[in-house]
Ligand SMILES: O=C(O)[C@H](O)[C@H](O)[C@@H](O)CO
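Before any questions on how it binds or moves, here is one chain, the form predicted alone, in structure tokens.
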């Protein structure tokens, strides 16, 4: 079997989008003086699809969610020539070829995200070629079903947040994640707003439901140190990305300072990046995203390293490329799940663009033992809602 073509398309959403709201979610832009929507650069209203075609007729499907037009250009110009004519089962060689040839500019960020998209498609090819789901190629089934947590609860009015939290309880979820809306520049009033929102959600869900707290890099070291003692009474499962992804020493300091586990890794790349996080004891939960971190090839290695440090891996965003990894390793105890709803931040686009993701039942997801590859196909029903770039 040989790879004959790598086809990329950019899908840019032109359908209905939920308007931006103030204090919707803290983020890395919050500390800057800016009158525009601070979440604007973190909204993902476009996606790149990657189709790896072979001489047997098998086509593997991958995807990239970051900077879609740039990802497409990188794949078309730099990566596709490196894999066309090659055997997809030489996946480690192909990954190293892409990684090393783009190392001067691609070892992190959008370069690595582009590699991830090609790598995911190659694994889809391999699964289809042998008639097995991808998780069976990675280690097989390690759990009957995958526990998952509902991940939304952006900062709105407290009554709406409480109603949303109750809806997840009604659906059988035993864990959920909420977002903070305020950060350092909002001062003590913002601190009180953050604490009030956690108290409001905890009031509804009680003490027997795990509650995760998301900062999305919108705080800094000093502010987080002030917030941690105030948050401990709520017993969160973790505090996610409190500081910028590059502040690894800040993560390490926070992780040793509190009883609240510090999580991160959504914006880290390759096994080298995660080795540094683990050796510094910077995080207590790893949250890579397979379509950023280096694809399935890189994520599989990170799982093995994390297991040796006894640090759980709970990938960012759910989605099928992550679920196969979670199913195949004891290092990963659960998955994130973004409830299906109108396009807001952009993670929701996955459901408009792809078909095949499992639906949670009573807080659990399952993968089919008999569906080859990733189990995803393009969802053509919504193509008219996208501007498509070949």
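Positions refer to the first chain, counted from 1. Values in this document were obtained by computation on a predicted structure and should not be read as measured data.
There is also a form predicted together with the ligand; it is not shown, and the following applies to it.
Asks: Examine residue 338 and determine whether its closest non-hydrogen atom to the ligand in the predicted complex is within 4.5 angstroms.
Replies: Judged by the heavy-atom cut-off of 4.5 Å, residue 338 is in contact with the ligand in the predicted complex.
Asks: Is residue 216 part of the interface with the ligand in the predicted complex - any heavy atom within 4.5 Å?
Replies: Residue-level check for residue 216: yes, a contact with the ligand.
Asks: Give a yes or no for residue 136: in the predicted complex, does one of its heavy atoms lie within 4.5 Å of a heavy atom belonging to the ligand?
Replies: The answer is no: residue 136 has no heavy atom within 4.5 Å of the ligand.
Asks: My question is simply whether residue 240 lines the interface with the ligand in the predicted complex - judged by any non-hydrogen atom within 4.5 Å.
Replies: Yes - in the predicted complex, heavy atoms of residue 240 and the ligand come within 4.5 Å of each other.
Asks: Does the ligand come within 4.5 Å of a heavy atom in each of 154, 266 and 345 in the predicted complex?
Replies: Spot residues vs the ligand: full contact, yes.
Asks: Tell me, which of 177, 174, 202, 132 has a heavy atom within 4.5 angstroms of the ligand in the predicted complex?
Replies: The option sitting close enough to the partner is 177.
Asks: Scan 367, 378, 10, 25 and let me know which has any heavy atom within 4.5 Å of the ligand in the predicted complex.
Replies: If I apply the 4.5 Å criterion carefully, the residue I get is 25.
Asks: Out of the stretches listed (165-173, 114-122, 243-251, 146-154), which one is close to the ligand in the predicted complex, meaning heavy atoms within 4.5 Å?
Replies: Of the options given, it is 146-154.
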